[in-house]
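Single chain ahead, written as structure tokens, the form predicted on its own.
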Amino acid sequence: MDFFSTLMGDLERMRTSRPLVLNITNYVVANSNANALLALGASPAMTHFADDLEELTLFAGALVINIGTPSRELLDGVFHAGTVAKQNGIPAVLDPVAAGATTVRTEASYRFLKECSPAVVRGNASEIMALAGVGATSKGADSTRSADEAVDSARDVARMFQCAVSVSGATDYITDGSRTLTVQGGHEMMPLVTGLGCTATALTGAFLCVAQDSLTAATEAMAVMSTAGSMAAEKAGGPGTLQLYFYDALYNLTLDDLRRHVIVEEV
């Protein structure tokens, strides 16, 4: 079975089972991520409250961690949920938003990697290079480096923390330290919609609920993102309607859409 057929099989399982994806995410994207997960076929839960998290984590098929708007309460919840997820074999995905830009973000990302063992880390090139210790810095949440510059760093992080690493860019790179895949597609308007990278992290969490392994889940999520972005751009007049049509594309996604809009290769 080829990659796209496997992806559609995983997507059908998701749409049938509607797994709960627990999101501890930044307040900028909480609504967008919830809508994207619903459109794809998963069931979102969003919270920051540490006292709420143990029970919710135990119900979840996957945990999504995004440190985009850090606070003491959010980080307390992040590490509490991450510990519960690790203890109970629930896969987590970390989005180290603006790691390398500030000390608190970088240290929180390292701590989560070391203590909570996420299945996937998904970020832009600057964030992944910062986690690899090569000195890259972010411009806020935006990358100052291209994804192809971060491939070696992604492999290093994957090997160091025994996870898959997904680097978003004009071409997406996904690696487990041994195998590396690329996803080509999407549209140049996508970076003009706030939080689509964060949405990619949320969708990665959804695929962690159904895919055979973390590398597959991360690659499937990026392929779906690229396909939906490309489909949305065919109808959109600008970034505002791109986001609108993006949800529709997720909801209506077919095997033919994937084959027409995205290229997935192993390098």
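What you see is a predicted model; the values in this text were computed from it and never measured. The first residue of the shown sequence is 1; numbering continues from there.
Omitted here: the form predicted in complex with a further copy of the same chain. The next part is about that form.
The candidate spot formed by V28, V104 and L244 lies fully in contact with a further copy of the same chain in the predicted bound form, as each residue has a heavy atom within 4.5 Å of it. Within this chain, K114 is remote from the site of a further copy of the same chain in the predicted bound form, having no heavy atom within 4.5 Å. In the predicted bound form, a further copy of the same chain lies farther than 4.5 Å from every heavy atom of L11. Interface membership of L192, defined by any non-hydrogen atom within 4.5 Å of a further copy of the same chain in the predicted bound form, is confirmed. a further copy of the same chain is not drawn, but in the predicted bound form it has no heavy atom within 4.5 Å of Q162. Looking at 37-54, the residues that come within 4.5 Å of a further copy of the same chain in the predicted bound form, counting any heavy atom, are L38, A39, S43, P44, M46, T47, H48, F49, D51, D52.
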